[in-house]
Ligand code: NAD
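Just one chain follows, in the form predicted on its own, and it is written as C-alpha cells.
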C-alpha cells in the first residue's frame, strides 16, 4: 500500500511524525509492506510553490492507495486566486470523498460526564451548507447588498443515497442500529429528500433498527445518553458539529479519528485543527491522527479484501485504548509523555502485542 503523507501546519508535523512511527510498526507486525511518500501542503507548499496544494500533488495522491493529511491552518487560507486553497476541502472535493466517518468512544482512565459509549457519526462530506463545494462556478454565498447575504445549500438524491448506504453497511458490522439526524420540520424539501433516501436504503437492510431525530433534539439526547446510539448518519454541517460534540464527550477531541472515504480514494485526517499556539512544544496529542491512520488501513483492507490491513487497523484502535489506560499518552488525556514519546511508546506496544 502506497500512502502519501502530508504533515500539515502547526502541530501537524509533530503529530504526523508520531503517526508515521505507528504506521511503520503496523507494517512490520502485520507484514503490510507500506510505502510512505512524504510531500508537503499548506503553508510550506505556499512558500515553495505559490499554492497550498498543487496539481502535481493531486496527481500523486490519485495514483496512491491512500492519503494521510496532517492538521492544516485552513482559517489562514482565504484567497484561492493567491494559491490559498483549503487542502482539506480540496482533496475531499477532487477525490469525491463523500463519507466522513467519525468514531467516538469512551476510554478507561479518561474522565467523562457520561456513561460509557461507542458510536460512529457518518457525515455527508461533499454538499450541504458548505459554500465552497456547492456551485461549479465558485462559492455559493452571495452578498446581495452590503447588509444582506444569501447562502445556498445543495442536497442531491445521489449524495443522500450513497451516504445512507455507507451508514447502513457500517451498522451491519456493529450493533445494527442507524439514527437519521435532520431538520425536516423546517428544511422540508432538502432534509425531506435526505430522509426519503435514507428510508429507501433502509429497506435493503431489514436487520437494522432505524430511528430519526431532529438535530437540535439530537444534541440533547447525545449529551444525556450517548450510549443509546450506534451509527448516526446526517448531512454535512449537522455532522460536522455533531461529530465534534461526540468526540469531546469521549474526553477529548484528540481521541476521535476521522476518515474521509469515497469509492476509489480515502484520506485519514485528524479531527482537530493545527493549534499553532502549542506547535513545537511536544505536547500535542497525536491519537486522533493515529486513529485516523488505523481507519485508513482498515478501509484499504476491506476494499482490497486484505485481512492483514483490517487487522492492523483494529490493532491500532485497540492499542489506543491500552495506551491511554497505561497513561502512555499526552497530559491532556491523563498521560505523562510528550508527542514524540507517545508515538514511540505506541509503536512499541503495537509491536509487542
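Numbering follows the first chain given and starts at 1. Please read these numbers as outputs of a predicted model, since none were measured by experiment.
Just so you know, the form predicted in complex with this ligand exists too; it's not on screen, but the next bit is about it.
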**Request:** Consider the chain as shown here, without its partner, and state which of 109, 190, 262, 276 has a heavy atom within 4.5 Å of this ligand in the model of the complex.
**Result:** 276
**Message:** Heavy atoms within 4.5 Å of this ligand in the model of the complex: which stretch in 178-186, 277-285, 229-237, 141-149 meets that?
**Reply:** 277-285
**Request:** Given this ligand in the model of the complex, answer whether the residues 67, 268 and 291 all have a heavy atom inside 4.5 Å of it.
**Result:** no
**Asked** Hey, in the model of the complex, does residue 332 get a heavy atom within 4.5 angstroms of this ligand?
**Response** yes
**Item:** 4.5 Å heavy atom contact, residue 272 to this ligand in the model of the complex
**Value:** yes
**Prompt:** Heavy atom to heavy atom, is residue 257 within 4.5 Å of this ligand in the model of the complex?
**Reply:** no
**Asked** Does residue 72 make contact with this ligand in the model of the complex, using a 4.5 Å heavy atom cut-off?
**Response** yes
